[in-house]
Ligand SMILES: Cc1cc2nc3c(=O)[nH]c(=O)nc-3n(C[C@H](O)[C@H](O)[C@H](O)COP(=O)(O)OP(=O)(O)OC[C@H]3O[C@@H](n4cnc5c(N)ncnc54)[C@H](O)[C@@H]3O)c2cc1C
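Here we start with a single chain on its own, the form predicted on its own, put down as structure tokens.
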Amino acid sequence: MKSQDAYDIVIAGGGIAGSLFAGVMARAGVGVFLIEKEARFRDRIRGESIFPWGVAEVMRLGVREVFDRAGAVEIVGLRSFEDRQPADPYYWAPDSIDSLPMLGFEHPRLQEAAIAWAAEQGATVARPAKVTDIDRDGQHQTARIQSRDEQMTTRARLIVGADGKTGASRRWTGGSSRSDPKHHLLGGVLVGGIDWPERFVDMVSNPGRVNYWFPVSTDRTRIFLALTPEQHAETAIASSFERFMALVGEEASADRFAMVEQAGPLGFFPNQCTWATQLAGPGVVLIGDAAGSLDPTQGHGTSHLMRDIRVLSDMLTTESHWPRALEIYARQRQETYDVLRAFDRWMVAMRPATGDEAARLREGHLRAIDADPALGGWRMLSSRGPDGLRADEASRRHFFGDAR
């Protein structure tokens, strides 16, 4: 087994979270070894937007150029459809941090741009390769790495797990994985042929179904559709682009999708939050979906991973005692995740949920908005972020107008 030089940080996973973190730390003069298992990134059918509060993190990190390289486009606001026609839009700029827009991007293009940028900043990159296990030895950890042709080991002061919610790193901290119950299935497909004179997230949200679409490049759009498992089975939609588009088009203007052409795979996956019970252990820390993934219906996952990168990189470059830095990061990360998870759960309890309880919650939520249009900051979450919000019973009752 070949032994590599020692590094300050070994990162398991070269997706968006791992690569951007690698580049930020390498830019600061830290020795980084980035390990990515995929030789070529594929369409993820998720994680292709970043809300204005996440764009604020992008700007603080100084990585906007990576998004530009990937062909990201600015999305100016949110627009709902009523009676198959768009209602008056909500624009991010008046409320968002520094009047920043939302960004849409193609996931594989951003992954490629990020891993190339990390190498340019001085990170060593191994690809395709995979961290198969780690061993601890005093102040250092040893990562075991499998590439196509050989096995190798390398020592590091810190190992960062950025290998997603199904990766191995969640057990390296000494914890385990937990998940909320599955409730809906979210399907997505990449298309061409939608003209965007002004770029919005377009949304139709009704009991039992939610669908939305937004630009991810100058000529591509991502369409998502949330269905109950029963609807998914009844429509046999997963195997037919035509059936998928027919269902999406039922509640939007017909000309919107008249020229649509499929540009990527069609796929469905369960909606749920899933998280690691322990975010940091001796010489190991988790970021992005490895630390905790959010229900993709609300779309805050990429914004949250940018917060991870900023907080953890700030702590490691300003705090010489890295165990203390990891402890502070883990505590802050958990607090933010709890807020975003609560928002996910509250929103899906109203739509696409159905039944008397969902109707009661929707009515209470509308009463709460009448009394407090900002809902104590919860309605500004996409623009301003989770700071100042608390995932407690008082907040839940305020969100639902005291609805039980």
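Computed from a predicted structure; not experimentally measured. Numbers for residues come from their place in the sequence shown, where the first is 1.
Although it is not shown, the form predicted together with the ligand is what the next lines describe.
Listed stretches are 152-160, 314-322, 176-184, 126-134; the contact stretch with the ligand in the model of the complex is 126-134, by a heavy atom cutoff of 4.5 Å. Taking 92, 214, 117, 244 one by one, only a single residue has any non-hydrogen atom within 4.5 Å of the ligand in the model of the complex, and it is 214. Only one of 281, 264, 296, 104 lies close to the ligand in the model of the complex, with a heavy atom inside 4.5 Å, and it is 296. If you check the ligand in the model of the complex, you find a heavy atom from every one of 111, 269 and 289 within 4.5 Å. For the chain shown alone, residue 13 is a contact residue for the ligand in the model of the complex, at least one non-hydrogen atom being within 4.5 angstroms. Shown alone here, residue 69 lies farther than 4.5 Å from the ligand in the model of the complex, counting heavy atoms only.
Mapping the unseen interface onto this chain, residue 344 falls outside it, with no heavy atom inside 4.5 Å of the ligand in the model of the complex. In the model of the complex, none of the heavy atoms of residue 336 sits within 4.5 Å of a heavy atom of the ligand. Within 4.5 angstroms of the ligand in the model of the complex, the stretch 20-49 places a non-hydrogen atom from each of 35, 36, 37, 38, 41, 44, 45, 46, 47, 48, 49, taken in sequence order.
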